[in-house]
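The same protein chain appears twice below, in two forms, each given on its own as C-alpha coordinates and labelled structure 1 and structure 2.
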Structure 1
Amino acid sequence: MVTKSEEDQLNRLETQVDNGGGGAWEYLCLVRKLKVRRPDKVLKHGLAILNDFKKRSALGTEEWTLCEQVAIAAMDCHSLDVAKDCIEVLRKRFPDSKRVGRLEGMLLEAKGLWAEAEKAYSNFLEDNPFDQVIHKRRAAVAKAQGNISTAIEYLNKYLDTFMADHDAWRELAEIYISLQMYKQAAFCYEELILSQPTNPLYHLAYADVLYTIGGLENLQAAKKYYASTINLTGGKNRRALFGVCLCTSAIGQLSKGRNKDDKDSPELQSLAVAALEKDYKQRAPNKLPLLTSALKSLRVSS
(Lines of atoms letter the chains of each structure in order from A and count residues from 1; the text may use other names and numbers.)
(Lines give C-alpha, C1' and ligand atoms only; values in the text may rest on other atoms or scores of the structure.)
Protein backbone atom coordinates (compact mmCIF):
# COMPACT_ATOMS: atom_id res chain seq x y z
CA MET A 1 0.00 0.00 0.00
CA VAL A 2 1.38 3.35 -0.95
CA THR A 3 0.38 6.88 -0.06
CA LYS A 4 -0.77 9.31 -2.70
CA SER A 5 2.44 11.33 -2.49
CA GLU A 6 4.53 8.18 -2.88
CA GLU A 7 2.47 7.18 -5.91
CA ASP A 8 2.81 10.66 -7.41
CA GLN A 9 6.56 10.56 -6.89
CA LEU A 10 6.74 7.15 -8.54
CA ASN A 11 4.62 8.26 -11.50
CA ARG A 12 6.73 11.38 -11.99
CA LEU A 13 9.89 9.31 -12.07
CA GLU A 14 8.27 6.80 -14.39
CA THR A 15 7.26 9.50 -16.86
CA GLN A 16 10.74 10.97 -16.66
CA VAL A 17 12.42 7.66 -17.42
CA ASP A 18 9.90 6.81 -20.14
CA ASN A 19 10.70 10.04 -21.89
CA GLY A 20 14.43 9.46 -21.82
CA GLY A 21 15.13 11.82 -18.96
CA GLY A 22 17.22 9.32 -17.01
CA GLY A 23 16.72 8.15 -13.43
CA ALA A 24 16.03 4.52 -14.32
CA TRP A 25 17.97 3.10 -11.37
CA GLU A 26 16.27 5.49 -8.97
CA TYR A 27 12.90 4.43 -10.40
CA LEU A 28 13.68 0.74 -10.03
CA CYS A 29 14.81 1.25 -6.44
CA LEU A 30 11.62 3.09 -5.62
CA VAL A 31 9.50 0.34 -7.17
CA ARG A 32 11.33 -2.18 -4.98
CA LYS A 33 10.97 -0.05 -1.89
CA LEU A 34 7.24 0.58 -2.36
CA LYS A 35 6.65 -3.02 -3.48
CA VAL A 36 4.42 -1.97 -6.36
CA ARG A 37 3.74 -4.09 -9.37
CA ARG A 38 4.84 -2.40 -12.61
CA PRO A 39 6.31 -5.30 -14.49
CA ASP A 40 6.28 -3.84 -18.01
CA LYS A 41 8.25 -0.75 -16.97
CA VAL A 42 10.61 -2.68 -14.71
CA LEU A 43 11.31 -5.16 -17.47
CA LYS A 44 11.92 -2.46 -20.05
CA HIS A 45 14.14 -0.19 -17.98
CA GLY A 46 15.80 -2.91 -15.92
CA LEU A 47 16.75 -4.86 -18.97
CA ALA A 48 18.17 -1.72 -20.56
CA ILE A 49 20.57 -1.38 -17.65
CA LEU A 50 21.46 -5.08 -17.56
CA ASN A 51 22.21 -5.13 -21.26
CA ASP A 52 24.46 -2.10 -21.03
CA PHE A 53 27.85 -3.24 -19.78
CA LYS A 54 28.89 0.13 -18.40
CA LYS A 55 25.67 0.80 -16.57
CA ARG A 56 25.63 -2.73 -15.25
CA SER A 57 29.15 -2.65 -13.81
CA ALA A 58 28.44 0.70 -12.24
CA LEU A 59 25.89 -1.04 -10.03
CA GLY A 60 28.44 -3.19 -8.24
CA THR A 61 26.78 -5.78 -6.05
CA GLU A 62 23.37 -4.21 -6.67
CA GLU A 63 23.57 -5.89 -10.06
CA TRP A 64 22.20 -9.09 -8.54
CA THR A 65 19.30 -7.31 -6.87
CA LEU A 66 18.41 -5.85 -10.24
CA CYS A 67 18.71 -9.27 -11.85
CA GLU A 68 16.22 -10.67 -9.38
CA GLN A 69 13.86 -7.74 -9.86
CA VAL A 70 13.98 -8.08 -13.65
CA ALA A 71 13.49 -11.86 -13.42
CA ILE A 72 10.27 -11.42 -11.46
CA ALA A 73 9.04 -8.64 -13.77
CA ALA A 74 9.82 -10.81 -16.77
CA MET A 75 7.75 -13.65 -15.33
CA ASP A 76 4.90 -11.23 -14.73
CA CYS A 77 5.06 -10.16 -18.37
CA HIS A 78 5.43 -13.74 -19.52
CA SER A 79 8.88 -13.06 -21.01
CA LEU A 80 10.02 -16.43 -19.79
CA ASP A 81 13.28 -16.51 -21.74
CA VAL A 82 14.44 -13.29 -20.12
CA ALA A 83 13.45 -14.65 -16.72
CA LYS A 84 15.31 -17.89 -17.36
CA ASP A 85 18.46 -16.03 -18.39
CA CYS A 86 18.42 -13.82 -15.30
CA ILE A 87 17.85 -16.79 -13.02
CA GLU A 88 20.68 -18.74 -14.63
CA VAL A 89 23.03 -15.81 -14.11
CA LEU A 90 22.00 -15.62 -10.47
CA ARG A 91 22.35 -19.40 -10.04
CA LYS A 92 25.89 -19.26 -11.39
CA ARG A 93 26.78 -16.46 -9.01
CA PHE A 94 25.02 -17.94 -5.96
CA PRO A 95 25.05 -21.72 -6.46
CA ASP A 96 23.58 -22.70 -3.10
CA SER A 97 21.16 -19.89 -2.68
CA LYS A 98 17.64 -20.59 -1.45
CA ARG A 99 16.61 -17.17 -2.71
CA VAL A 100 17.50 -18.25 -6.24
CA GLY A 101 15.67 -21.50 -5.57
CA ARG A 102 12.54 -19.49 -4.93
CA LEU A 103 12.91 -17.78 -8.28
CA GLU A 104 13.28 -21.16 -9.93
CA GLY A 105 10.05 -22.21 -8.27
CA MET A 106 8.34 -19.06 -9.52
CA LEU A 107 9.54 -19.81 -13.03
CA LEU A 108 7.83 -23.21 -12.84
CA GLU A 109 4.69 -21.35 -11.80
CA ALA A 110 5.01 -18.90 -14.66
CA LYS A 111 5.26 -21.81 -17.07
CA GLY A 112 2.07 -23.26 -15.62
CA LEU A 113 3.89 -26.33 -14.32
CA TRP A 114 1.85 -26.40 -11.15
CA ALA A 115 2.68 -29.89 -9.96
CA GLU A 116 6.41 -29.28 -10.35
CA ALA A 117 6.17 -25.92 -8.60
CA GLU A 118 4.17 -27.45 -5.75
CA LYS A 119 6.75 -30.23 -5.40
CA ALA A 120 9.65 -27.77 -5.42
CA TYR A 121 8.01 -25.68 -2.73
CA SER A 122 7.13 -28.70 -0.57
CA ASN A 123 10.74 -29.85 -0.72
CA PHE A 124 11.84 -26.38 0.22
CA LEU A 125 9.58 -26.29 3.21
CA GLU A 126 10.90 -29.58 4.49
CA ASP A 127 14.32 -27.97 4.91
CA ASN A 128 13.01 -24.53 5.80
CA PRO A 129 9.62 -24.80 7.44
CA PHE A 130 9.68 -21.14 8.35
CA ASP A 131 10.25 -19.70 4.91
CA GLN A 132 7.38 -17.25 4.71
CA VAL A 133 7.76 -16.48 1.03
CA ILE A 134 7.50 -20.13 0.03
CA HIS A 135 4.41 -20.65 2.18
CA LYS A 136 2.76 -17.80 0.39
CA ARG A 137 3.87 -19.05 -3.02
CA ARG A 138 2.04 -22.29 -2.27
CA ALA A 139 -1.12 -20.32 -1.65
CA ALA A 140 -0.47 -18.43 -4.88
CA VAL A 141 -0.12 -21.69 -6.82
CA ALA A 142 -3.45 -22.89 -5.45
CA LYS A 143 -5.13 -19.60 -6.28
CA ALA A 144 -3.70 -19.50 -9.80
CA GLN A 145 -5.15 -22.92 -10.50
CA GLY A 146 -8.53 -21.80 -9.27
CA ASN A 147 -8.39 -23.94 -6.10
CA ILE A 148 -9.59 -21.08 -4.01
CA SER A 149 -10.59 -23.17 -1.03
CA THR A 150 -7.11 -24.70 -0.94
CA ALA A 151 -5.59 -21.24 -1.13
CA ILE A 152 -7.77 -20.17 1.80
CA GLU A 153 -6.69 -23.25 3.75
CA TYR A 154 -3.02 -22.57 3.11
CA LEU A 155 -3.33 -18.92 4.05
CA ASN A 156 -5.19 -19.71 7.25
CA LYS A 157 -2.58 -22.24 8.27
CA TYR A 158 0.15 -19.76 7.42
CA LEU A 159 -1.48 -17.06 9.50
CA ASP A 160 -1.75 -19.39 12.49
CA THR A 161 2.03 -19.22 12.66
CA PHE A 162 2.80 -15.88 11.08
CA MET A 163 -0.06 -13.81 12.41
CA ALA A 164 1.76 -10.53 12.00
CA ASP A 165 1.85 -10.77 8.22
CA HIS A 166 -0.48 -7.96 7.17
CA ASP A 167 -0.18 -8.67 3.48
CA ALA A 168 -1.43 -12.20 4.06
CA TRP A 169 -4.40 -11.00 6.11
CA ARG A 170 -5.29 -8.54 3.38
CA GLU A 171 -4.99 -11.16 0.65
CA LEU A 172 -7.18 -13.54 2.65
CA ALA A 173 -9.75 -10.79 3.23
CA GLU A 174 -9.86 -10.01 -0.47
CA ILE A 175 -10.32 -13.67 -1.37
CA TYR A 176 -13.19 -13.91 1.12
CA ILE A 177 -14.80 -10.78 -0.34
CA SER A 178 -14.58 -12.15 -3.88
CA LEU A 179 -16.42 -15.24 -2.63
CA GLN A 180 -18.93 -13.10 -0.74
CA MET A 181 -17.81 -14.64 2.59
CA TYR A 182 -18.17 -11.31 4.33
CA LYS A 183 -18.11 -12.45 7.95
CA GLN A 184 -14.77 -14.12 7.39
CA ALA A 185 -13.47 -11.01 5.64
CA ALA A 186 -14.60 -8.95 8.62
CA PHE A 187 -12.56 -11.16 10.92
CA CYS A 188 -9.44 -10.50 8.85
CA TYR A 189 -9.94 -6.76 9.02
CA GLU A 190 -10.51 -6.99 12.76
CA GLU A 191 -7.09 -8.64 13.09
CA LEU A 192 -5.55 -5.92 10.96
CA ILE A 193 -7.17 -3.12 12.95
CA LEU A 194 -5.98 -4.73 16.19
CA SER A 195 -2.39 -4.79 15.01
CA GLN A 196 -2.39 -1.47 13.17
CA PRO A 197 -5.13 0.62 14.74
CA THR A 198 -4.04 3.87 13.11
CA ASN A 199 -4.19 2.62 9.53
CA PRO A 200 -7.32 4.22 8.09
CA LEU A 201 -7.56 1.81 5.17
CA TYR A 202 -8.35 -1.08 7.47
CA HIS A 203 -11.07 0.92 9.22
CA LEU A 204 -12.49 1.78 5.81
CA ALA A 205 -12.43 -1.77 4.49
CA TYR A 206 -13.97 -3.07 7.70
CA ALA A 207 -16.74 -0.48 7.46
CA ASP A 208 -17.39 -1.46 3.83
CA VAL A 209 -17.66 -5.12 4.80
CA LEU A 210 -19.98 -4.40 7.75
CA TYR A 211 -22.21 -2.29 5.52
CA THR A 212 -22.31 -5.08 2.98
CA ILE A 213 -23.33 -7.66 5.60
CA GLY A 214 -26.10 -5.28 6.67
CA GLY A 215 -28.49 -5.29 9.59
CA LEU A 216 -28.92 -2.46 12.04
CA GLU A 217 -26.05 -3.29 14.38
CA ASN A 218 -23.58 -3.72 11.54
CA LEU A 219 -24.69 -0.48 9.92
CA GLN A 220 -24.21 1.38 13.17
CA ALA A 221 -20.78 -0.16 13.60
CA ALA A 222 -19.92 0.62 9.99
CA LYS A 223 -20.82 4.24 10.57
CA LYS A 224 -18.44 4.33 13.54
CA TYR A 225 -15.63 2.94 11.44
CA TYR A 226 -16.31 5.37 8.60
CA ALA A 227 -16.13 8.08 11.26
CA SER A 228 -12.81 6.81 12.56
CA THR A 229 -11.50 6.69 8.99
CA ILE A 230 -12.52 10.31 8.55
CA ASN A 231 -10.77 11.10 11.81
CA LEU A 232 -7.58 9.34 10.82
CA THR A 233 -7.48 10.96 7.39
CA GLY A 234 -8.37 14.49 8.44
CA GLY A 235 -11.66 14.31 6.58
CA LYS A 236 -10.00 13.74 3.24
CA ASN A 237 -11.22 10.23 2.50
CA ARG A 238 -14.16 10.54 0.16
CA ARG A 239 -15.17 6.90 0.40
CA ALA A 240 -15.61 7.28 4.14
CA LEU A 241 -17.64 10.46 3.70
CA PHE A 242 -19.93 8.68 1.26
CA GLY A 243 -20.03 5.75 3.65
CA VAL A 244 -21.38 7.94 6.42
CA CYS A 245 -24.18 9.16 4.14
CA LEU A 246 -25.05 5.63 3.05
CA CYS A 247 -25.11 4.37 6.64
CA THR A 248 -27.28 7.20 7.87
CA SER A 249 -29.75 6.58 5.09
CA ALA A 250 -29.81 2.82 5.59
CA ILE A 251 -30.08 3.10 9.37
CA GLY A 252 -32.91 5.56 8.93
CA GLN A 253 -34.77 3.14 6.69
CA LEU A 254 -34.32 0.26 9.11
CA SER A 255 -35.34 2.28 12.17
CA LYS A 256 -38.55 3.59 10.65
CA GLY A 257 -41.32 2.94 13.13
CA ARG A 258 -38.96 1.67 15.77
CA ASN A 259 -37.97 3.70 18.76
CA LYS A 260 -35.21 5.76 17.38
CA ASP A 261 -32.50 5.27 19.94
CA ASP A 262 -30.71 8.08 18.32
CA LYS A 263 -27.44 8.62 20.04
CA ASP A 264 -26.39 9.06 16.47
CA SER A 265 -25.25 12.57 15.92
CA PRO A 266 -27.01 14.05 12.93
CA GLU A 267 -24.08 16.43 12.72
CA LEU A 268 -21.88 13.68 11.36
CA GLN A 269 -24.20 13.23 8.39
CA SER A 270 -24.46 16.93 7.62
CA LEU A 271 -20.74 17.45 8.09
CA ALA A 272 -20.03 14.62 5.68
CA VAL A 273 -22.41 16.06 3.10
CA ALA A 274 -20.88 19.51 3.49
CA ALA A 275 -17.36 18.14 3.16
CA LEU A 276 -18.28 16.24 -0.02
CA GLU A 277 -20.01 19.23 -1.58
CA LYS A 278 -17.06 21.46 -0.79
CA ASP A 279 -14.66 18.96 -2.28
CA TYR A 280 -16.67 18.57 -5.47
CA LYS A 281 -17.15 22.30 -5.78
CA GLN A 282 -13.40 22.77 -5.69
CA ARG A 283 -12.18 19.87 -7.74
CA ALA A 284 -15.04 18.53 -9.87
CA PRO A 285 -17.55 21.37 -10.17
CA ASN A 286 -19.26 19.91 -13.21
CA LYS A 287 -20.26 16.91 -11.10
CA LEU A 288 -21.58 18.95 -8.19
CA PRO A 289 -25.26 19.06 -9.25
CA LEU A 290 -25.16 15.30 -9.77
CA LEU A 291 -23.70 14.81 -6.32
CA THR A 292 -26.22 17.10 -4.68
CA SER A 293 -29.25 15.35 -6.12
CA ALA A 294 -27.79 11.91 -5.42
CA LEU A 295 -27.20 12.85 -1.79
CA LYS A 296 -30.67 14.31 -1.59
CA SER A 297 -32.20 11.04 -2.68
CA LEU A 298 -30.26 9.39 0.15
CA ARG A 299 -31.39 11.89 2.73
CA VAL A 300 -35.06 11.47 1.80
CA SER A 301 -35.29 8.29 3.81
CA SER A 302 -33.62 9.51 7.01
Structure 2
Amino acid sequence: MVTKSEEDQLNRLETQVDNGGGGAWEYLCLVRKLKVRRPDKVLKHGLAILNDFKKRSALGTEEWTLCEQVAIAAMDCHSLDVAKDCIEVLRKRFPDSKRVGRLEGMLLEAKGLWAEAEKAYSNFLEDNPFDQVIHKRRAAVAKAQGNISTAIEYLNKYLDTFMADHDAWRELAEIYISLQMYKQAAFCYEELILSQPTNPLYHLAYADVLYTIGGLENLQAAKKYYASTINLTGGKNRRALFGVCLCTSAIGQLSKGRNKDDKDSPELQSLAVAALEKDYKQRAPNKLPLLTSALKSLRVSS
Protein backbone atom coordinates (compact mmCIF):
# COMPACT_ATOMS: atom_id res chain seq x y z
CA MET A 1 0.00 0.00 0.00
CA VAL A 2 1.32 3.43 -0.99
CA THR A 3 1.84 5.78 1.95
CA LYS A 4 0.75 9.41 1.94
CA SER A 5 4.36 10.64 1.80
CA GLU A 6 5.13 8.33 -1.14
CA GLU A 7 2.04 9.52 -2.99
CA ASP A 8 3.00 13.16 -2.37
CA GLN A 9 6.52 12.49 -3.64
CA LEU A 10 5.14 10.81 -6.76
CA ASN A 11 2.73 13.67 -7.47
CA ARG A 12 5.48 16.28 -7.01
CA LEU A 13 7.75 14.45 -9.43
CA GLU A 14 4.91 14.02 -11.90
CA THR A 15 4.12 17.73 -11.86
CA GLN A 16 7.82 18.56 -12.22
CA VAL A 17 8.24 16.26 -15.23
CA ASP A 18 5.01 17.40 -16.88
CA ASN A 19 6.19 21.01 -16.62
CA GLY A 20 9.54 20.24 -18.24
CA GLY A 21 11.54 20.38 -15.02
CA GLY A 22 13.39 17.11 -15.63
CA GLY A 23 13.48 13.99 -13.49
CA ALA A 24 11.61 11.72 -15.92
CA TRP A 25 13.78 8.69 -15.16
CA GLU A 26 13.43 9.18 -11.40
CA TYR A 27 9.66 9.44 -11.86
CA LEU A 28 9.51 6.22 -13.88
CA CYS A 29 11.62 4.42 -11.30
CA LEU A 30 9.31 5.56 -8.51
CA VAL A 31 6.24 4.40 -10.44
CA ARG A 32 7.84 0.94 -10.70
CA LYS A 33 8.92 0.90 -7.06
CA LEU A 34 5.46 1.83 -5.76
CA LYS A 35 3.74 -0.46 -8.27
CA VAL A 36 1.21 2.20 -9.22
CA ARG A 37 -0.44 2.49 -12.61
CA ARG A 38 0.11 5.74 -14.47
CA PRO A 39 0.17 4.28 -18.02
CA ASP A 40 -0.38 7.52 -19.93
CA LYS A 41 2.48 9.26 -18.11
CA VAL A 42 4.78 6.24 -18.35
CA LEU A 43 4.10 5.93 -22.06
CA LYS A 44 4.74 9.61 -22.71
CA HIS A 45 7.88 10.08 -20.65
CA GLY A 46 9.24 6.58 -21.22
CA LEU A 47 9.02 6.92 -24.98
CA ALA A 48 10.70 10.31 -24.80
CA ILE A 49 13.73 8.64 -23.19
CA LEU A 50 13.76 5.60 -25.49
CA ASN A 51 13.56 7.80 -28.59
CA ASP A 52 16.49 9.93 -27.41
CA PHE A 53 19.71 8.01 -28.18
CA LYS A 54 21.80 9.91 -25.65
CA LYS A 55 19.32 9.48 -22.79
CA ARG A 56 18.70 5.84 -23.66
CA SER A 57 22.41 5.02 -23.79
CA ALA A 58 22.94 6.61 -20.39
CA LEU A 59 20.61 4.04 -18.82
CA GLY A 60 22.92 1.11 -19.50
CA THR A 61 21.17 -2.19 -18.79
CA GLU A 62 18.20 -0.31 -17.31
CA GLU A 63 17.19 0.41 -20.91
CA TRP A 64 15.57 -3.02 -21.06
CA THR A 65 13.67 -2.45 -17.82
CA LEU A 66 12.30 0.78 -19.24
CA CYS A 67 11.41 -0.95 -22.51
CA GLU A 68 9.35 -3.50 -20.57
CA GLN A 69 7.68 -0.76 -18.51
CA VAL A 70 6.74 1.19 -21.63
CA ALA A 71 5.41 -1.97 -23.33
CA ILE A 72 3.03 -2.64 -20.43
CA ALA A 73 1.95 1.00 -20.29
CA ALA A 74 1.34 0.98 -24.05
CA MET A 75 -0.93 -2.06 -23.70
CA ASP A 76 -2.84 -0.30 -20.93
CA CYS A 77 -3.30 2.68 -23.26
CA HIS A 78 -4.11 0.38 -26.18
CA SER A 79 -1.13 1.68 -28.15
CA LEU A 80 -0.52 -1.81 -29.43
CA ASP A 81 1.95 -0.86 -32.16
CA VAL A 82 4.23 0.74 -29.55
CA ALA A 83 3.88 -2.30 -27.32
CA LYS A 84 4.68 -4.62 -30.20
CA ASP A 85 7.82 -2.62 -31.12
CA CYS A 86 9.08 -2.70 -27.52
CA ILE A 87 8.46 -6.42 -27.20
CA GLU A 88 10.23 -7.12 -30.50
CA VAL A 89 13.27 -5.16 -29.27
CA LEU A 90 13.28 -7.19 -26.05
CA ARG A 91 12.84 -10.50 -27.90
CA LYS A 92 15.79 -9.68 -30.13
CA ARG A 93 17.93 -8.88 -27.08
CA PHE A 94 16.67 -11.81 -24.97
CA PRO A 95 15.62 -14.53 -27.45
CA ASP A 96 14.94 -17.23 -24.83
CA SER A 97 13.43 -15.09 -22.11
CA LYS A 98 10.28 -16.33 -20.38
CA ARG A 99 9.73 -12.80 -19.13
CA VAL A 100 9.46 -11.54 -22.70
CA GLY A 101 7.19 -14.48 -23.43
CA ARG A 102 4.82 -13.21 -20.73
CA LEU A 103 4.73 -9.83 -22.45
CA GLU A 104 3.87 -11.54 -25.73
CA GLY A 105 1.00 -13.31 -23.98
CA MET A 106 -0.21 -10.01 -22.56
CA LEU A 107 -0.12 -8.50 -26.05
CA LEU A 108 -2.35 -11.32 -27.26
CA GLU A 109 -4.74 -10.43 -24.44
CA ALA A 110 -4.67 -6.76 -25.41
CA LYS A 111 -5.61 -7.75 -28.96
CA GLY A 112 -8.51 -9.84 -27.68
CA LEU A 113 -6.95 -13.10 -28.86
CA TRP A 114 -8.04 -14.97 -25.76
CA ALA A 115 -7.59 -18.54 -27.00
CA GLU A 116 -4.05 -17.83 -28.19
CA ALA A 117 -3.19 -16.12 -24.89
CA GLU A 118 -4.63 -19.03 -22.85
CA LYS A 119 -2.64 -21.51 -24.95
CA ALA A 120 0.56 -19.54 -24.50
CA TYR A 121 0.07 -19.33 -20.73
CA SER A 122 -0.73 -23.04 -20.47
CA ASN A 123 2.50 -23.84 -22.28
CA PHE A 124 4.42 -21.63 -19.87
CA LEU A 125 2.93 -23.42 -16.88
CA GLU A 126 3.92 -26.79 -18.29
CA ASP A 127 7.53 -25.61 -18.22
CA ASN A 128 7.22 -23.81 -14.87
CA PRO A 129 4.09 -24.61 -12.81
CA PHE A 130 5.21 -22.14 -10.12
CA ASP A 131 5.16 -19.01 -12.29
CA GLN A 132 2.93 -16.71 -10.21
CA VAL A 133 2.49 -14.06 -12.90
CA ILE A 134 1.26 -16.59 -15.47
CA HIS A 135 -1.22 -18.12 -13.04
CA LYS A 136 -2.74 -14.69 -12.42
CA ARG A 137 -2.74 -13.82 -16.11
CA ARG A 138 -4.80 -16.96 -16.81
CA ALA A 139 -7.34 -15.82 -14.23
CA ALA A 140 -7.36 -12.37 -15.83
CA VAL A 141 -8.03 -13.90 -19.26
CA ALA A 142 -10.96 -15.91 -17.91
CA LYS A 143 -12.41 -12.86 -16.12
CA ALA A 144 -12.02 -10.65 -19.22
CA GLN A 145 -14.09 -13.14 -21.21
CA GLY A 146 -16.80 -13.15 -18.57
CA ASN A 147 -15.95 -16.70 -17.55
CA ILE A 148 -16.13 -15.91 -13.84
CA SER A 149 -16.42 -19.50 -12.61
CA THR A 150 -13.16 -20.38 -14.36
CA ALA A 151 -11.47 -17.26 -12.94
CA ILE A 152 -12.54 -18.34 -9.44
CA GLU A 153 -11.24 -21.85 -10.08
CA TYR A 154 -7.86 -20.54 -11.26
CA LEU A 155 -7.51 -18.16 -8.32
CA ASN A 156 -8.44 -20.80 -5.76
CA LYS A 157 -5.96 -23.23 -7.30
CA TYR A 158 -3.29 -20.53 -7.29
CA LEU A 159 -3.95 -19.62 -3.65
CA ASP A 160 -3.64 -23.26 -2.61
CA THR A 161 0.05 -22.86 -3.43
CA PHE A 162 0.69 -19.13 -2.99
CA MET A 163 -1.34 -18.42 0.14
CA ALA A 164 0.57 -15.22 1.00
CA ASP A 165 -0.46 -13.33 -2.17
CA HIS A 166 -2.59 -10.48 -0.80
CA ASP A 167 -3.55 -9.15 -4.23
CA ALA A 168 -4.94 -12.53 -5.27
CA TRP A 169 -7.05 -12.79 -2.10
CA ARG A 170 -8.41 -9.28 -2.71
CA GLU A 171 -9.22 -10.06 -6.33
CA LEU A 172 -11.02 -13.27 -5.32
CA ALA A 173 -12.97 -11.42 -2.61
CA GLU A 174 -14.10 -8.75 -5.08
CA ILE A 175 -15.24 -11.41 -7.55
CA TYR A 176 -17.24 -13.15 -4.83
CA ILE A 177 -18.84 -9.84 -3.82
CA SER A 178 -19.82 -9.15 -7.43
CA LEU A 179 -21.62 -12.52 -7.39
CA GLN A 180 -23.19 -11.80 -3.96
CA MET A 181 -21.27 -14.75 -2.50
CA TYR A 182 -20.64 -12.87 0.72
CA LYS A 183 -19.64 -15.78 2.96
CA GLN A 184 -16.88 -16.75 0.55
CA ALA A 185 -15.77 -13.11 0.35
CA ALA A 186 -15.69 -12.97 4.15
CA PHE A 187 -13.32 -15.94 4.20
CA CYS A 188 -10.96 -14.11 1.82
CA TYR A 189 -10.88 -11.03 4.04
CA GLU A 190 -10.29 -13.21 7.10
CA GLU A 191 -7.17 -14.57 5.38
CA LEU A 192 -6.04 -11.02 4.58
CA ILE A 193 -6.55 -9.83 8.16
CA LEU A 194 -4.60 -12.82 9.50
CA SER A 195 -1.66 -11.99 7.24
CA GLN A 196 -1.84 -8.18 7.55
CA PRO A 197 -3.65 -7.39 10.82
CA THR A 198 -2.72 -3.70 10.81
CA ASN A 199 -4.15 -2.90 7.37
CA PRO A 200 -7.37 -0.92 8.00
CA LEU A 201 -8.67 -1.50 4.46
CA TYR A 202 -9.10 -5.21 5.15
CA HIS A 203 -10.85 -4.60 8.46
CA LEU A 204 -13.21 -2.16 6.74
CA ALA A 205 -13.97 -4.46 3.81
CA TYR A 206 -14.58 -7.40 6.16
CA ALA A 207 -16.95 -5.27 8.26
CA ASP A 208 -18.86 -4.24 5.12
CA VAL A 209 -19.30 -7.89 4.13
CA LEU A 210 -20.45 -8.95 7.60
CA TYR A 211 -22.93 -6.05 7.71
CA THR A 212 -24.27 -7.11 4.31
CA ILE A 213 -24.74 -10.73 5.42
CA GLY A 214 -26.68 -9.50 8.45
CA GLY A 215 -27.92 -11.30 11.51
CA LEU A 216 -27.18 -10.33 15.08
CA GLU A 217 -23.83 -12.11 15.42
CA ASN A 218 -22.55 -10.80 12.09
CA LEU A 219 -23.67 -7.25 12.90
CA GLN A 220 -21.92 -7.38 16.26
CA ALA A 221 -18.75 -8.65 14.57
CA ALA A 222 -19.08 -5.99 11.86
CA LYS A 223 -19.28 -3.30 14.52
CA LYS A 224 -16.07 -4.60 16.11
CA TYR A 225 -14.23 -4.48 12.79
CA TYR A 226 -15.54 -1.00 12.02
CA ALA A 227 -14.19 -0.06 15.46
CA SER A 228 -10.80 -1.60 14.69
CA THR A 229 -10.74 0.35 11.42
CA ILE A 230 -11.37 3.56 13.36
CA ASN A 231 -8.59 2.64 15.77
CA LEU A 232 -6.11 1.83 13.00
CA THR A 233 -6.84 5.10 11.16
CA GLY A 234 -6.75 7.34 14.22
CA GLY A 235 -10.49 7.95 14.09
CA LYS A 236 -10.37 9.44 10.58
CA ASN A 237 -12.29 6.87 8.55
CA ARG A 238 -15.78 8.26 7.98
CA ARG A 239 -17.07 5.08 6.38
CA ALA A 240 -16.17 3.13 9.52
CA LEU A 241 -17.78 5.78 11.73
CA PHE A 242 -21.01 5.54 9.74
CA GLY A 243 -20.66 1.76 9.85
CA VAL A 244 -20.70 1.82 13.65
CA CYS A 245 -23.89 3.90 13.57
CA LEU A 246 -25.57 1.59 11.06
CA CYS A 247 -24.62 -1.50 13.06
CA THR A 248 -25.85 0.10 16.28
CA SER A 249 -29.22 0.84 14.69
CA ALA A 250 -29.58 -2.64 13.20
CA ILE A 251 -28.48 -4.38 16.41
CA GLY A 252 -30.99 -2.29 18.37
CA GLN A 253 -33.80 -3.45 16.09
CA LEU A 254 -32.79 -7.10 16.33
CA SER A 255 -32.24 -6.96 20.10
CA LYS A 256 -35.75 -5.84 20.99
CA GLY A 257 -37.24 -8.19 23.52
CA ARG A 258 -33.95 -9.99 24.13
CA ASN A 259 -32.02 -10.37 27.35
CA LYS A 260 -29.98 -7.42 28.55
CA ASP A 261 -26.77 -9.38 27.82
CA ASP A 262 -27.68 -9.51 24.13
CA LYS A 263 -28.15 -5.75 23.84
CA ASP A 264 -25.48 -3.44 22.48
CA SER A 265 -23.41 -1.01 24.51
CA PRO A 266 -24.05 2.64 23.48
CA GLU A 267 -20.60 4.06 24.26
CA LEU A 268 -18.97 3.34 20.90
CA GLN A 269 -21.97 4.65 18.99
CA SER A 270 -21.86 7.90 20.99
CA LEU A 271 -18.17 8.35 20.23
CA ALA A 272 -18.76 7.68 16.52
CA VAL A 273 -21.60 10.21 16.34
CA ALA A 274 -19.52 12.82 18.16
CA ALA A 275 -16.58 12.23 15.79
CA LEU A 276 -18.84 12.56 12.72
CA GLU A 277 -20.41 15.77 14.02
CA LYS A 278 -17.00 17.25 14.75
CA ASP A 279 -15.72 16.28 11.30
CA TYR A 280 -18.74 17.78 9.52
CA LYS A 281 -18.52 20.99 11.53
CA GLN A 282 -14.90 21.41 10.41
CA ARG A 283 -15.14 20.24 6.81
CA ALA A 284 -18.73 20.75 5.67
CA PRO A 285 -20.77 22.76 8.17
CA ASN A 286 -23.53 23.34 5.61
CA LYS A 287 -24.09 19.56 5.47
CA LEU A 288 -24.39 19.16 9.24
CA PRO A 289 -28.24 19.27 9.19
CA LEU A 290 -28.20 16.39 6.68
CA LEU A 291 -25.96 14.38 8.99
CA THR A 292 -28.19 15.10 11.98
CA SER A 293 -31.25 14.04 9.99
CA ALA A 294 -29.58 10.85 8.82
CA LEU A 295 -28.47 9.88 12.31
CA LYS A 296 -31.91 10.68 13.67
CA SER A 297 -33.46 8.35 11.12
CA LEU A 298 -31.16 5.61 12.45
CA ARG A 299 -32.31 6.49 15.97
CA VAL A 300 -28.76 7.11 17.13
CA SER A 301 -27.39 10.23 18.76
CA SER A 302 -24.49 11.45 20.83
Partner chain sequence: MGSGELRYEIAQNAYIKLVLHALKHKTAAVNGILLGRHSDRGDAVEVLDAVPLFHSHLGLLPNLEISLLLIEEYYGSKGMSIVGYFHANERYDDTELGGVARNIGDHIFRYFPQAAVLLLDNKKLEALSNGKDRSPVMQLYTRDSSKNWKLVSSDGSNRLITKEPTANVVLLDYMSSGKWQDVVDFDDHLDDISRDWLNPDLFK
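Between two forms, the rigid core is defined as the largest C-alpha subset superposing within 1.5 Å. It should be emphasised that the depicted structure is a prediction, and the values quoted were computed from it without experimental measurement. FYI, numbering is relative to structure 1, first residue = 1.
Here the chain appears twice, and structure 1 is the form predicted in complex with the partner chain. Fitting the two forms on the rigid core leaves the C-alpha of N11 displaced by at least 2 angstroms between structure 1 and structure 2. Once both forms are fitted on their rigid core, the CA atom of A58 lies 2 Å or more apart between structure 1 and structure 2.
Superposed on the core, the two forms barely differ at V244: its CA moves less than 2 Å between structure 1 and structure 2. Relative displacement of the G21 Cα between structure 1 and structure 2 on rigid core alignment is 4.0 Å. The Cα position of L30 changes by 2.6 Å between structure 1 and structure 2 once both are aligned on the rigid core.
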